[in-house]
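Encoded as structure tokens, the following chain is the form predicted alone, with no partner shown.
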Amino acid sequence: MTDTIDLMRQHRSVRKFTEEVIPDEKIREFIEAGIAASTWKNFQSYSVIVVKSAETKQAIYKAHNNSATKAVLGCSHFLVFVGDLNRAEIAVKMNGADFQPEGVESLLITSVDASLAAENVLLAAESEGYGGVIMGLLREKSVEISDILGLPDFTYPLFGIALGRPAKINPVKPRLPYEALVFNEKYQLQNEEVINAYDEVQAEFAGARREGSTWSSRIAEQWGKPENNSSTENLKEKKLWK
């Protein structure tokens, strides 16, 4: 196993950080590693907002008022990844065409581009002893986050990464077994046995921290009710959804 593969397999989310501030030149180095990721047709349909001021961190935290976003306050830098077709509008008009950004494909292009870059950023930071956590919870307050960060039309917040020097290293969280995720040639339907088995694995890993809930019950909390419409409303406001 190479050092790179070992690093990737040792990933864990870090939510508690020391007071150490990552040098700005390091943050740039990590982001430049992210920018090197694959991107659809080299369009690079995303942007990154680097947040390090206590004022902006506090505003992001207050928008959610949720303990799950507390890592924003304690991190060295909070990087917000933005799906971005603002540059695309300029390019389309420069070439005399009608700009038509609405639709699922545009959202997939921007989301995948940003996600690939973000994973590179986090791996780069981890390779130098830093840690972080990717926070998709931002989307539940898309309108507020857009206002805080001054996001223009044709842009929308996807997720953030809280980065810093870990104050606590958690064990590596067990994933679903290989056979439940990877299939040869054709998709293989799953059954409740797979879900129940992983519920037990997660319960053993979490211990008392997750008493009263299971992995599958948390999935039910996400997809067993109508979705939070903050992202949809923001996409409409930013002219990316009809």
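In this text, all values refer to a predicted model and were calculated from it rather than measured experimentally. Note that residue numbering begins at 1 and tracks the sequence as displayed.
The same protein also has a form predicted in complex with a small molecule, omitted here; what follows describes it.
Enquirer: From the candidate stretches 189 to 197, 30 to 38, 171 to 179, 48 to 56, select the single one in contact with the small molecule in the model of the complex, where contact means a heavy atom within 4.5 Å.
Expert: That would be 171 to 179.
Enquirer: Is there a heavy atom of residue 124 no more than 4.5 Å from a heavy atom of the small molecule in the model of the complex?
Expert: No - in the model of the complex, heavy atoms of residue 124 and the small molecule never come within 4.5 Å of each other.
Enquirer: Going by a heavy atom distance of 4.5 Å, is residue 11 a contact of the small molecule in the model of the complex?
Expert: Because a heavy atom of residue 11 falls inside 4.5 Å of the small molecule in the model of the complex, the answer is yes.
Enquirer: Using a 4.5 Å heavy atom cut-off, state whether residue 137 contacts the small molecule in the model of the complex.
Expert: Looking in the model of the complex, residue contacts with the small molecule include residue 137, since a heavy atom lies within 4.5 Å.
Enquirer: Evaluate residue 143 for contact with the small molecule in the model of the complex, applying a 4.5 angstroms cut-off between non-hydrogen atoms, and reply yes or no.
Expert: Although the small molecule is absent here, residue 143 would stay clear of it in the model of the complex, with no heavy atoms inside 4.5 Å.
Enquirer: Using a 4.5 Å heavy atom cut-off, which residue among 133, 148, 107, 116 comes into contact with the small molecule in the model of the complex?
Expert: Here the answer is residue option 133.
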